[in-house]
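Single chain ahead, written as structure tokens, the form predicted alone.
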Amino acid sequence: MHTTVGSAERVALSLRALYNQYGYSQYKMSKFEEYDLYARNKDFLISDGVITFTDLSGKLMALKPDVTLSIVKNSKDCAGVRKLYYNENVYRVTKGAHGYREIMQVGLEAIGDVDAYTICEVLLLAAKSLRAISDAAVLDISHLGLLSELMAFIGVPDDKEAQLVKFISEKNAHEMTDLCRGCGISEENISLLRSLFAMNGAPKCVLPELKALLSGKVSDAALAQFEAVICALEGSGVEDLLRIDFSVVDDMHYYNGFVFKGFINGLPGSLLSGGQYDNLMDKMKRSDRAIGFAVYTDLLERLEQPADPYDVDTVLLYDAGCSLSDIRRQAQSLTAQGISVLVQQTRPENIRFRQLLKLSGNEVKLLENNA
């Protein structure tokens, strides 16, 4: 795997270079927004926790817990597609945490006349982002439009959709079945829904099954676009990362169309999350369409790495009579070899080292070797 602990900044630089290659421009923003923006869109946020403060004018402000909302609020409808990327910190409570954290994330947004190619490009860049981080990665792809149309076809009441989507995301077949039966949905249609969210695998295996399952039950246009976008990624060099998984869902009040999540080996949850959010644009009185994703680079700190038994490679001690130039030259000689070195006059306590050297005059002696 390419990634090591502490590599979040290097990963961010790599992703920025990738997005620049595809014509995305960096978007920079303030660390805070008016709190009302987040209060009106709480369901869109990963965390309910928002850090607020009152500015000098008496306006309630918030340290931004999300980047997408800020971009949508501070941009305008335009012709064509505006392609942006960002490397920003957000502030929120993370799952399992007992307080707020500053979270580093890198991501991109395509806003405007988003067509099938734009969607394909964003999926490509999501997969390439994962590959830049790890060889052991998967991008799970779903489509909320197809799921929504299927729920309408089998007769799921509008007020039960959110609950059903929750059960699908949890792969909770038992609760999903009970809910459908309670709504009077036939066993045949329940079986149809179960078959959809049980699908999980490489596109070349799953697409034929998906088409056979959904044909005549959802719009031909939506199914054809889904197939066209997925098939267009064949030969792109990332097709081995792609999986179709209809348990990948999100809030239908905000998202529509393609949704996706990226995973790498060593992390229990998703490292990357994205999708089409035309419904959010509509809610914010925008006519543009939009798609994007975020890579939560702070999660890379959680990757397990072998613990180094040593705090430093070498401890270099020196006599009081040694010249400053000799001490500097010896230290520089060690660091030039890629060796970490702690230089001081007396032997340190509670420091684990591979070797202990002593500089006397201009002569260096090995006192101890623990490697």
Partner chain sequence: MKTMLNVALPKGRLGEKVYAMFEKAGFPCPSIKENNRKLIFENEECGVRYFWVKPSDVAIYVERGAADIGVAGKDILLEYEPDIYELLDLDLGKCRMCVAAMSGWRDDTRRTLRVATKFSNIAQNYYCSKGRDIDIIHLNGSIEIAPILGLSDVIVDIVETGTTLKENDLLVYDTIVPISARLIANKASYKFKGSEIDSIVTSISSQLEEGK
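Not measured: the values here are computed from a predicted model. Positions refer to the first chain, counted from 1.
The protein also exists as the form predicted together with its partner chain; that form is not presented, and the subsequent description refers to it.
Is G80 a contact residue for its partner chain in the predicted bound form, using a 4.5 Å heavy atom cut-off? Contact check for G80: no, nothing within 4.5 Å of its partner chain in the predicted bound form.
Taking heavy atoms only, is E88 within 4.5 angstroms of its partner chain in the predicted bound form? Output for E88 is no: heavy atoms all beyond 4.5 Å of its partner chain.
Is G269 one of the residues lying within 4.5 Å of its partner chain in the predicted bound form, judged by heavy atom distances? It does: once its partner chain is placed as it appears in the predicted bound form, G269 has a heavy atom within 4.5 Å of it.
Hey, in the predicted bound form, is K171 touching its partner chain, heavy atoms inside 4.5 Å? Contact with its partner chain, yes.
Name the single residue among R329, R40, K31, R302 that comes within 4.5 Å of its partner chain in the predicted bound form, judging by heavy atoms. Exactly one listed residue reaches within 4.5 Å, namely R302.
Listed residue (I230, L124, I264, L214) with a non-hydrogen atom within 4.5 angstroms of its partner chain in the predicted bound form: Only one option qualifies, and that one is I264.
When you measure heavy atoms, are A137, E175 and S247 every one within 4.5 angstroms of its partner chain in the predicted bound form? The answer is yes; A137, E175 and S247 each reach its partner chain.
Stretch from 149-157, 284-292, 112-120, 256-264 whose residues place a heavy atom within 4.5 Å of its partner chain in the predicted bound form: This holds for exactly one stretch, 256-264.
Relative to its partner chain in the predicted bound form, which residues of 120-135 have a heavy atom no more than 4.5 Å away? Nothing in this stretch is in contact.
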